[in-house]
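Heads up, the chain shows up twice below as structure tokens, two forms, tagged structure 1 and structure 2.
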Structure 1
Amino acid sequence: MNMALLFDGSLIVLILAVAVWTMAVRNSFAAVIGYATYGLLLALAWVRLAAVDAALTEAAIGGGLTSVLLIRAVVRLRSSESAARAETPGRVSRLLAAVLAGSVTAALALVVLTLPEPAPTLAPQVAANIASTSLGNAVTGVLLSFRAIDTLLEAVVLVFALIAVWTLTPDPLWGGRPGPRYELDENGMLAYLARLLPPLGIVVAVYVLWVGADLPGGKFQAGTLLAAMWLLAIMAGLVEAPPISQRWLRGALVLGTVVFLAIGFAGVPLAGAFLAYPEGHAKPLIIAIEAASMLSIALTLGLLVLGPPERGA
């Protein structure tokens, strides 16, 4: 028994307790706050599993952005809460659900306990080939080089999700601005923070992007930070959300994917394969893709949180 084991044990108990509370608490607002806490605790678990890149992503997106999204929705759905509670299933259904959930957990636990030994791993292959990318961070190497096609398609999925959200716009408002108009309170705390934090946030985001080549970080984490700063300025009423019909906005949303695709296709004549990088030029090309993607990801994530247009341009 040592300190590390004590820490892991306490963290796991805390995670499970917050998860149960998030499910069980009657008030939906409280549940969302519980989920935000849960996301941050889970980020700690990722650090303990030596996956700092995933920890940063979980803290920023799982704990942060998802919670902002859900809090906005809870406030809008508040009027329906008591009506929905009346439809809680009866005791028998709940018992059956518990049996099902318990069996799934038992099956998963069995799988976890019987994972093959020694564990299969691709780490040696990554270590053998990482030098060709001039990157120090193996996860960035996998994301932008070895499995670049996944990352490319993921950027496309983000844009598709935004298009799907925008299709929920009522007809007369098409092309309008998403979200309500936020009133600026000149002397309010929110306006103060929205002036103070974004310059810091932008510097940190660029730093996270830049070190992502060699240390934990990268375009998703940096893009999420930028999105958070943008949302803060919008919700404080300092800037307005742009009308979704703007051409610059639509161009910026696909910028990352376009740069990624252009460099990918340039690889066909220059390096002999789609998404292959020419010898010795991998790192600058990867940083170009990451920088362009960061801007697109930041805008897409911010607009996903804001939802479909709700007022005219």
Structure 2
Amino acid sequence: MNMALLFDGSLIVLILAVAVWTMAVRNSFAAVIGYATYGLLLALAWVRLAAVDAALTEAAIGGGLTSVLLIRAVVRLRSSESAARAETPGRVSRLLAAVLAGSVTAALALVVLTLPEPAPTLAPQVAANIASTSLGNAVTGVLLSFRAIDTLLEAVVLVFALIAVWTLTPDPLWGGRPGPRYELDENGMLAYLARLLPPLGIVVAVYVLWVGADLPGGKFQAGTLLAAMWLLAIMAGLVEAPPISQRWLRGALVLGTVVFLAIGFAGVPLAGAFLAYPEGHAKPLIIAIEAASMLSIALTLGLLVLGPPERGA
């Protein structure tokens, strides 16, 4: 048997097994660890499919940041976990859930199996026009040119997710600092790493953003790296989380969306359509959108991990 085929088959079985185990396990922390493992396995699957951009995003967001958010949620809810375990759904509820899950699975299988041959695709049109963007990375070209509205909405959704987290803030603490206060240990290993790694992480993040125009990379991967470096400095006690009432912070959170919309609306008189780019200027405009979005994504992801304000400003 071909080794590549054996590896791919084993990877599929492992992904399915981890997914089933994550859903079936009763311990919340174990389920989160299973979810993180599932995300990393999916990243490996994307690599096998030659979708390195998707693999980087899955590893950073799915396997990394989302898992951290879930771990924080588990810690906050640990006191009520035993009571939740005692509340076992009735047979009717479990039967209805099983029927609903089976129906959705069957519907998805039916859609996939009844696709016309050849499947409908816009690939020829994209291939014929992708050169006008001057981008070497087809993924970035598609996301910022042919699916620009979807990409814009993804950035907006992140901000709304942060607003949802902030709504959990007690009224007396509104406008305060998110997360606990971390004490600085000058001789500690965490402080050492927080001084050593962020300069390297920032350089790598800028590189990942810059090469995203022609190679795998982009704003989400770079923003996640920046968020991780910022959180490391906060947890080491080198810097404080900013109060959410700061105007510069709120402005930075929407900077990516504002730049995206400004360039999009400028396309109406200059290129004849919303989110269209003037001929010969697509690449610099896309890089400008990516750079502004990277900063907003980094702040948003970091604040999502820190959670709602827990201290006064």
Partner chain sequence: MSVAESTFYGLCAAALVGIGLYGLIVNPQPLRKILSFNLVGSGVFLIFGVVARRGAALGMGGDPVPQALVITGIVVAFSATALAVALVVRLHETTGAATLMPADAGEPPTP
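Here the rigid core means the biggest group of C-alpha atoms that line up within 1.5 Å when the two forms are laid on top of each other. Residue positions are counted from 1 along structure 1's sequence. The shown structure was predicted, so the numbers you read here are calculated from the model rather than taken from an experiment.
*The same chain appears twice here, once per structure, so which copy is the form predicted together with its partner chain?*
Looking at both copies of the chain, structure 1 is the one that matches the description.
*Inspect the rigid-core superposition and answer whether the C-alpha of T37 shifts by 2 angstroms or more between the two structures.*
Comparing forms between the two structures, the T37 CA shifts at least 2 Å.
*Would you tell me if Q125 moves between the two structures by 2 Å or more at its C-alpha, with the rigid core held superposed?*
It does, since the Q125 C-alpha is displaced 2 Å or more between the two structures after the core fit.
*Hey, does L295 budge by 2 Å or more at the Cα between the two structures once the core is superposed?*
No, shifts by less than 2 Å.
*With both forms fitted on the core, how large is the C-alpha shift of L95 between the two structures in Å?*
C-alpha shift for L95: 8.5 Å.
*After superposition on the rigid core, what is the displacement of the C-alpha atom of R72 between the two structures, in Å?*
C-alpha displacement of R72 between the two structures: 2.5 Å.
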